[in-house]
Each structure stands twice: as structure tokens, then as C-alpha cells.
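Below, in C-alpha cells: the form predicted alone, a single chain.
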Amino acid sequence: MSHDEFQVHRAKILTPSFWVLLTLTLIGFALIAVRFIWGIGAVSNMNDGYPWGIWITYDVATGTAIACGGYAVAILVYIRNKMHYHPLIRSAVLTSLFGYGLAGLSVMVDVGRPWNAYNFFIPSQWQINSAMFEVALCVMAYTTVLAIEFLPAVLSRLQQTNWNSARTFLDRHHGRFGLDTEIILAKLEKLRQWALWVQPKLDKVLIFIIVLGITLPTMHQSSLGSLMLIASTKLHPLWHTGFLPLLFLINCLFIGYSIAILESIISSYAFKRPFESEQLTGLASITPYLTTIWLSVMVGDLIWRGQLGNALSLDFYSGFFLLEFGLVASGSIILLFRRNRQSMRWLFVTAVLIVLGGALYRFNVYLIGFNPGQGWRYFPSLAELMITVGIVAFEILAYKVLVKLFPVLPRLHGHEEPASVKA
């Protein structure tokens, strides 16, 4: 594996967007503190009929699918051996790391009795026949795997650092903080030597970590669909089907490729970098095949179960079903034309359509199509929404900061990084 394919994005960290995202993050995390101090009822409209609200629907069921860019690109790179896409892998892995890590945080916010969460780590308390247990175990394990997969970027930066900026800072503030410059620099140098020692050893075992990183999402993404199989009387028949595990798995793949396209286009535009046109065109050529399979399974299942009439009835549920179907189908049709796959504008538009349609499908399954019976109503409170906004803001903020600290983005051809990066 070559670590020279990536570079640090040299730019200011404290930009206006940084402060906006930080403000939203602080608001969201302050409301999380309110939830833990005064209870979940202080910030949430959830009830016994709707025990899962926006946090599980978006942050877990939908957010993990949006975070499947690393999973989808890894399949191309390491299973199909398409190393042509390798420059996209670190950025996709970083996005996935935040998506899954924050999904785990959302679960802890959502749990009604968080002080009992320690039972998850006690094997005698495990319910191994539970799809929910499998999802929780795989999400936790996959988050750890993603952190290990991102570790080479951290080690690479440590190896290239000469600590000149650190020396300047320590010399300047020696009198104020009583810092011993030489002792601190010696410890930092030991850290760099540790990175040089760990890197080759990690490279030898990284392929096994990657295989685990491909296996775990395959398991828990299908299990997210399995969770709703038991809701046969509460989930609308347009979405309740035995094919839910398969539909969720395919859904996460085409969302993963689409989000990888979106992330690359947006970061290239925001950081004023050239677009990775070749790789993005390749990803766009794969997506329609996956969406066609997904749409075909969905339509065939509706015909088999005699629900096609319900899908076309134009009532409340039919409207949401047709919207999800139309968004995914329209984005896919546009991508069938080669000239559209070579246009960054059309790639952006189609990726947005497919991500929105795929995400709406998960919302339909987990929330919109779910009806626990008469007398139960749910709409997320402002605090619930702001917690979700805060979590998403933190994800974007952390991504913007880390690409400016570590070699994550693909190296620009003809723009070589100096051999020693200043700390």
C-alpha cells in the first residue's frame, strides 16, 4: 500500500464555516447534556408507541448507510482489486468513521436507561438471537476497524513531522507556562520513532482488518432490515417484506457509492482542488446496476405480494413510496448516459437524488410507514432535531479539521508535499 497517494490539505482551520459548525455542535451537545441530566422526556417527543424517533431513524438506520462510502469503495479496491480507486479510500474511511462513531453516540443518547449500558459488555447478558444485538455488536466493532484503517494517515503525518513549529511555540511560551522545550521535544521525537516502528507492522496485518471491515457492514446493514421483520402488524405492507435484509444491503451500497461521489465533489469544490473525474465517473457507472437490482426486487416483491395497487393508490403512504422510488430511478436513468457520467454537475445532481431516495426509503421503513395504532402520534421536538443537527455538524467540522492535519485527500499531481511537514 502506498502512503504517497495522499497529502495534507494546507489551509486555515479557523474559517467562518468552522465557527458556524462549532456553534451548532455546541448547541447539540448542550442538549445532549440536558437529556442526561433531566431525562429523555426533557428533550424528546418519543413515547411508548414510537420508542424509536429521529435519532434511530436518521443517525443509526440512515446515517450508517450514508457512512457506507468506506465500505463500498473498499469492496471495489480490495475485493475487485480496482486499485484505480485507492486514492478515494482514506476520505471515504474517515467519513465512515465519523458516521458510525456518531451513530453509536446516538444510540447512547436514545437508550432510556443508559446506566445499564455496561451490560452489553457482559457475555452472560447477551441475547445472541437478537438482530438488534448483532447490529450493536457489529457497529461497535466496525467503528474500531475504521479507526485502525485510518491509523496509517496519522502515522504517516507523525513520520513526516520535524516539530519545528512546536519548538518555536515552546520557546516563545517557555516563561509563561514553565515548559521544558527539550524534554517535550524528546517525547515528541519518541512518538515519531514509534510511528516509524508501527507503520510496517500495521501494513502487514491491515489486509485482515480490511476484510473484517467489509464483513461487518454486510452483516449489520442486512440486520437493520431484519429488525423490522417482526413489525408485521405495524409496518405498512408497502415496506414490510421478507426481502428487507436484502433491500437494506443493496440500499447501503448504492448510497455508499453516491455519498463517495458527493463527498469528493464537495470537498474538491470547497478546498479548490481539481475533481477526481476518472474515479468518480467509474463509481457513477456502477451505481445504476445496483439501483436497477434494488428497484427490480422491490417491484417484483410488490407484484408477488399483490401490493402494486397500494403503491399506485396515491394516498399518504403511496406518495412517500413513489417519491423514494422516483428519486432513485430518476438519478439512475440520468447516469445511464455516458455524457452525464462525465459531467461533474450531473454527477452531483444524480448523487443527491439517489442519496435522498435511498435515505427516504429507510425513513419510510423506520418511521413514516410505521403505525403502532390509534392514539399514538410522533413528530420530533426542536431539541431532538437540534441534537441531530449538532451531531451532523460535528461530523463535518471534524472532517474539515482532520483533512488539514493528516494526509487524507488524494495527492495533487504536480503538487508534491515537502519531505518534512511542519508541526
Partner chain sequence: MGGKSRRDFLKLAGLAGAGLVAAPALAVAGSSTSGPNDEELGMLYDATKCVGCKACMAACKRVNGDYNALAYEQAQFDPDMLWDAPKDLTGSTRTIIKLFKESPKEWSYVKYSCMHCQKPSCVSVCPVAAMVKDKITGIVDYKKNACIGCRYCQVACAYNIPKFQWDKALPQIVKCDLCKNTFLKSNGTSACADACPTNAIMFGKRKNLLAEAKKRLTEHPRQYVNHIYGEYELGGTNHLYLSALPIKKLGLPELQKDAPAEFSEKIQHTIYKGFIAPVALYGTLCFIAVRNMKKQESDHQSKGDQPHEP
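Given the structure is predicted, the values throughout are model-derived calculations rather than measurements. Numbering follows the first chain given and starts at 1.
From this point on, the text means the form predicted in complex with the partner chain, which you will not see here.
A.B. asks: Is the partner chain in the predicted bound form close enough to Leu97, Leu188 and Leu402 that every residue in that trio has a heavy atom within 4.5 angstroms of it?
C.D. replies: Judged in the predicted bound form, none of Leu97, Leu188 and Leu402 sits within 4.5 Å of the partner chain.
A.B. asks: Pick from Ala131, Leu105, Ala311, Leu295: which residue has any heavy atom within 4.5 angstroms of the partner chain in the predicted bound form?
C.D. replies: Checking each option against the partner chain in the predicted bound form, the one that comes within 4.5 Å is Ala131.
A.B. asks: Against the partner chain in the predicted bound form, would Phe36 count as a contact residue? Criterion: heavy atoms within 4.5 Å.
C.D. replies: Close contact exists here: in the predicted bound form, Phe36 approaches the partner chain to within 4.5 Å, heavy atoms only.
A.B. asks: Just checking whether Ser226 would be counted as a contact of the partner chain in the predicted bound form - the rule being heavy atoms within 4.5 angstroms.
C.D. replies: Although the partner chain is absent here, Ser226 would touch it in the predicted bound form, with heavy atoms inside 4.5 Å.
A.B. asks: Is Ala141 one of the residues lying within 4.5 Å of the partner chain in the predicted bound form, judged by heavy atom distances?
C.D. replies: Close contact is absent here: in the predicted bound form, Ala141 is far from the partner chain, nothing within 4.5 Å, heavy atoms only.
A.B. asks: Asn119 versus the partner chain, in the predicted bound form: is there a non-hydrogen atom within 4.5 Å?
C.D. replies: Yes, Asn119 lies within 4.5 Å of the partner chain in the predicted bound form.
A.B. asks: Going by heavy atoms within 4.5 Å, which of 329 to 337, 242 to 250, 188 to 196, 314 to 322 lines up against the partner chain in the predicted bound form?
C.D. replies: It is the stretch 242 to 250.
A.B. asks: Taking the partner chain in the predicted bound form, which residues of 354 to 386 have any heavy atom within 4.5 Å of it?
C.D. replies: Going through 354 to 386 in order - heavy atoms within 4.5 Å of the partner chain in the predicted bound form - the hits are Phe370, Pro372, Gln374, Trp376.
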